[in-house]
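Only one chain is included here, represented as structure tokens and corresponding to the form predicted alone.
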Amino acid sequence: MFRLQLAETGYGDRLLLATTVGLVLFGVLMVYSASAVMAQQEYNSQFYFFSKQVFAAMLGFLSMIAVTKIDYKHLKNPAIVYSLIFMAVFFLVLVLLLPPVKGTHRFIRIPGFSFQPSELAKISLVVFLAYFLEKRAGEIRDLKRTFIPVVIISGFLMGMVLLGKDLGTTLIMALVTGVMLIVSGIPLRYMGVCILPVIPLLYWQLFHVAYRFERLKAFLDPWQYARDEGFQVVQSLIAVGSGGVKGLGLSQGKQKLFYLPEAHTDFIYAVIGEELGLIGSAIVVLLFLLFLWRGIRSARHAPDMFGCMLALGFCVMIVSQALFNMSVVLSLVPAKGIPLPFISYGGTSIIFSLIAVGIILNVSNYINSENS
């Protein structure tokens, strides 16, 4: 009979926990700063987005606490692993059947509620890979029994996300998959063979999908396209440049005042740069690097391969997404709609990110005191 077993200690790695709580609280503050004026004009309440973010953060923290209290080893249950995969696929198919939102199929929206299936897909992918790679630990170099099944299932999930016109999340999922496979001991030649057929697909997505090609051209010279495809990036760079070293001060930013689109979501890091300057922006980067260190530490000292893969996968997922988002804001990579974990406005993102943190903390519960 299936029984829940409580984790052995409290909330795991306290420094990782403190870093996460700090990022979330800072994010709530910045969502208010970035959205208050727009919310007042469009919804007649400056707290419209702020209150929703607070509510999502509370749900996320409750979910995180619950996850830290239930032994992560229960996730090894095949019924749980494949149920997560099934639910992810179900919602990814459902969202494709619904009317597009801003030209993409990323959100399932009903009055008062919005859900992004790709967030569930990322969680499902990491859990599946951790489960399957440990199950095949003795046959990790077996092409047919290990590598091909992994490629089929992970590739299918990524393909469904890509059909919803979410290339950014697809690339994050591909990166996480690659890191987990390499660390598990999959031969690099297998990875090379797998990447080759992906190159034409990526080429097609970048150069033959009209709006992505326009974004690529705007990335190469945003000022030439400052009135159309390069507008958002140019406004972002103006915001970051205006902040200087110390910033203009919290809530004193100008670009969020209907100049910078999506200031409270995908481009909130630009608001941070303008209001808190280089110092504030650098602190955010350092916090994510601290998160990376503690996450990898949890993976290294995990009591089994399953825990190692879980902690590694979720850590890479969160930090790579953060670095990708900040790179977009600074025009280091072409513009893609991908949130800054824990900080950008978005209920689904913050809830599932905190669930992922809860699993990492759960794994860190089992680190011996001499490894602290």
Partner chain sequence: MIGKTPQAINPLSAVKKRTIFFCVVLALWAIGVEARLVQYQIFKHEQMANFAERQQQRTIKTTPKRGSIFDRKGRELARSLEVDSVYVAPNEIKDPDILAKSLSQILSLSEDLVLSRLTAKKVLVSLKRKITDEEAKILRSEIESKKITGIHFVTETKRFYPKDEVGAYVLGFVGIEEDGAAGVERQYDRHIQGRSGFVSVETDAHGRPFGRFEKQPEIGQSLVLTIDEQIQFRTEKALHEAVANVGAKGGTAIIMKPKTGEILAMANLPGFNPNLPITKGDELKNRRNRAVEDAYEPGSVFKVITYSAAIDSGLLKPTDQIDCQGGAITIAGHTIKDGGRYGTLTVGEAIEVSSNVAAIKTGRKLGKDLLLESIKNFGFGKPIGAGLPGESPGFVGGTKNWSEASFGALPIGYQVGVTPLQILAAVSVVANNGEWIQPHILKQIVSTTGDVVFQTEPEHRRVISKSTAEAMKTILEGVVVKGTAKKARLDGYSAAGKTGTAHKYDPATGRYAPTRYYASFCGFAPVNNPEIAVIVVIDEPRLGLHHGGQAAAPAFKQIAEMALRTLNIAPDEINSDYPESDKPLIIDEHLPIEDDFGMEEFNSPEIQEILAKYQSTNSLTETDNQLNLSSKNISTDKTGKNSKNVPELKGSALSNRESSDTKESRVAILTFSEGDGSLVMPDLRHQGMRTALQRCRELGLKVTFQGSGEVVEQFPAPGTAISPGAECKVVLQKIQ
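These numbers come from a predicted model, not from an experiment. Numbering follows the first chain given and starts at 1.
Omitted here: the form predicted together with its partner chain. The next part is about that form.
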item: Candidate stretches 321-329, 50-58, 336-344, 23-31 - the one whose heavy atoms come within 4.5 Å of its partner chain in the model of the complex; value: 321-329
item: All of Thr19, Leu97 and Gly164 within 4.5 Å of its partner chain in the model of the complex, heavy atom check; value: no
item: Non-hydrogen atom contact Gly277 with its partner chain in the model of the complex at 4.5 angstroms; value: yes
item: Its partner chain contact at Ser242 in the model of the complex, heavy atom, 4.5 Å; value: yes
item: Leu312 within 4.5 Å of its partner chain in the model of the complex, heavy atoms; value: yes
item: Leu84, heavy atom within 4.5 angstroms of its partner chain in the model of the complex; value: no
item: Contact residue in the model of the complex, from Ser154, Ser281, Thr170, Gln116 (heavy atom within 4.5 Å of its partner chain); value: Ser281
item: Interface residue in the model of the complex among Ala299, Cys194, Met158, Ile123, criterion: non-hydrogen atom within 4.5 angstroms of its partner chain; value: Ala299
